[in-house]
Every structure is written in C-alpha cells, then in structure tokens.
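Have a look below at one chain only, the form predicted alone, in structure tokens format.
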Amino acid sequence: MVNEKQLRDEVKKLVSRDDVKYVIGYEQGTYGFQVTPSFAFTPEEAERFIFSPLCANNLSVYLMLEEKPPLRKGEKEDTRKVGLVVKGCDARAVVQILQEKGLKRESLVIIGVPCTGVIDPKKITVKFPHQIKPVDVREEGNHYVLTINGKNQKIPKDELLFEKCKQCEYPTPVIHDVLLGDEVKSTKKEEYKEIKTLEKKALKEKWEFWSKAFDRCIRCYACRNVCPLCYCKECIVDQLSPQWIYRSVNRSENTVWNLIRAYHLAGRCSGCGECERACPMNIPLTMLNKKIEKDIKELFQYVAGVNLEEKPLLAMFKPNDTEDTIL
C-alpha cells in the first residue's frame, strides 16, 4: 500500500497551488472499519489523509456531485482543478466519464495509487461484528494485520478481499498525473466463472434466481447514488411526466428498475462494485453488470474505461460489427 506521508505531501503541494480548488481522498472514520471521504482545501487538512486496505469507496462519484449554483451578476465561474485520489477501478470510472465528455481532462489532477486489493466491508463486519472503536489495518504479505483494542490479529487476505479484486486486471490506475509507489502488474484475467455457471442453467432456474434477488429490492436507489457513471441530470425513475417506472416495491417494478440500470451501464461499468457494496439487501448487482460486460467483450471486443483516446462503445461503430440484432 501507498506511503501515507508521501500521499499527504503530494496533497499539500496540490492544495497550495493557485489552480487547484481542493483534493478528494480518504480519512479515518469515526468507528469500526469505517473509512470516510475527505476534502482538503488547505495543506493542514491534508494531514487527515490516509490510504489503507479499508479504502474501498470509489471517490470518482464526488466529481459528478459538485453543486454549481447560478453565478451572480459579474461573478466568474471557478475553473480551478479538483484533485482526486484513485485506485485502479476508480481510474477506469474517471476515464469513462472523460470519454463521455462528462468532465474535461484539464479540470482534474489525478493522484494514482497502485492497489493490491481492498477489504470487503461486509466480509470484515461479519468476521468482527459490533466493532465500535476505529480499527487500524495494514497489509503484510498475503495477510492483513488488524489492530483491535491494542491487539494484533493476522488474517489471510483471501478471507477479506473484495471478490472484484481477485480478478482485477488493472490494479495500477490507467490514468494519473502523479503515481504514488511502484506499478502493480496484474497477471489475472476475468474468467466469468459465476456468469458461465448461471448461463448454463435453464431459463426457469435463471428467472427464479433473479426473481428472488429482485424481490429483496427496497428501491432505495443506493446503487444509483453511489455509482460514478449514474450522473444523468434527471434519472428515469424520478420522471413523473411521462412516468416510465412506477415506484411500487414489487417484483415487476423492481425487475424493470434493475434491468434498466444495468443496460444503462452497458459498455460503461468500470467494475468497481460500489453498487453491490452499498446495497443494503445484498442483491448480486455485480453479477448482473458482469454478465453484460462479458457479452460486450465477446460481441465488440470492448472494455470500458481503459483507453482515454477511444470513443464510448455506444458512440461508435466498426464496419465488422455483427448485425444480428438489426431487424
């Protein structure tokens, strides 16, 4: 993991610049295994910044949440840059946003952190429930060392690691202005084992699997709110005229909502897993997104968020694309 002193020093340099507004990173949470987003406007505030295996959040979502109220008469727009600390999957989300012209590259300063995997908050909470005091976690080889109530506990990484991290092909950010530490090279390849197993099942079994999952949905929209690629000015579920999706919490409406969102992310999802992490009902949203990701790889040989110079999937065509879907 990254040297925290090096991280803080870099953030201090950035916020001292006249052309930088603030930097977004992580700081220690107030209890248990919580790590919270942090915003440094001054060099002093950079002292709060940390990076540990608990930094699971994808901070790129905050780039799209900044409020820009109407300018007063004679007032000029603040065009200063925003700094952002990114892991590999976070950087892919940034690339996708830039490809879609959601942001301009010159408006960002990206601090890349080569990542060897982060801890799944749900896994560690199950293993160590009711933990109130903040916990320090560090990586040591193939283990995590947890300091709980002054005592160290050594846990194999595989027991706590996010499933997405076990197949991560881009642990080093594909885009950055500053890279902290050495590159982490990946020899992993996403093999979609779970997806292939599900694909082999009968249609009835697939429907039963997803029906049970969508029955649990409470339509809280946490998946949408935490997703950096869900940045439409008005979401389809918020529209009342016309009303495309009813707000009823039932299988039919839940299914429509989850499928619409999944297809909205087709060719765009960076695989950060934030939707599933935020879901209070443990719906396997990553599996749904991975299924579409797999199909797009096979049909179009396209991977989202890895090449800034490439156009978004649905904004281009290739002469050799298959036309099987055209009626």
Partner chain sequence: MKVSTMEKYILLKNKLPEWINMITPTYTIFAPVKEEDLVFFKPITKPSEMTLAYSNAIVPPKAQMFHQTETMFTFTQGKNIRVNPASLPDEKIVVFGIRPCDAKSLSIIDPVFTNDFEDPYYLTKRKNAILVGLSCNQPTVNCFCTSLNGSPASPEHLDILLTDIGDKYYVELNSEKGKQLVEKTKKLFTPATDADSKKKKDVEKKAVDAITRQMKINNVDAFVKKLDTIFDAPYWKTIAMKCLGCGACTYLCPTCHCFDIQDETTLDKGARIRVWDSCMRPEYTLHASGHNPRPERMNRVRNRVYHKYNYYPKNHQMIACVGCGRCIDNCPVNIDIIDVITKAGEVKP
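Residue numbers count along the first chain shown, from 1. In this text the structure is predicted, and so the values were computed from the model without any measurement.
There is also a form predicted in complex with its partner chain; it is not shown, and the following applies to it.
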Option from 170-178, 223-231, 139-147, 103-111 whose residues, in the predicted complex, bring a heavy atom within 4.5 Å of its partner chain | 223-231
Answer for residue 216 alone: is it within 4.5 Å of its partner chain in the predicted complex, judged on heavy atom distances?
-> yes
Indicate whether residue 248 is a 4.5 Å heavy atom neighbour of its partner chain in the predicted complex.
-> yes
In the predicted complex, does residue 79 have a heavy atom within 4.5 Å of its partner chain?
-> no
Report yes if any heavy atom of residue 159 sits within 4.5 Å of a heavy atom of its partner chain in the predicted complex; otherwise report no.
-> no
Looking at 116, 153, 131, 186, which is the one with a non-hydrogen atom within 4.5 Å of its partner chain in the predicted complex?
-> 131
Heavy atom within 4.5 Å of its partner chain in the predicted complex: which residues of 32-63 qualify?
-> 34, 35, 36, 37, 39, 41, 57, 61, 62
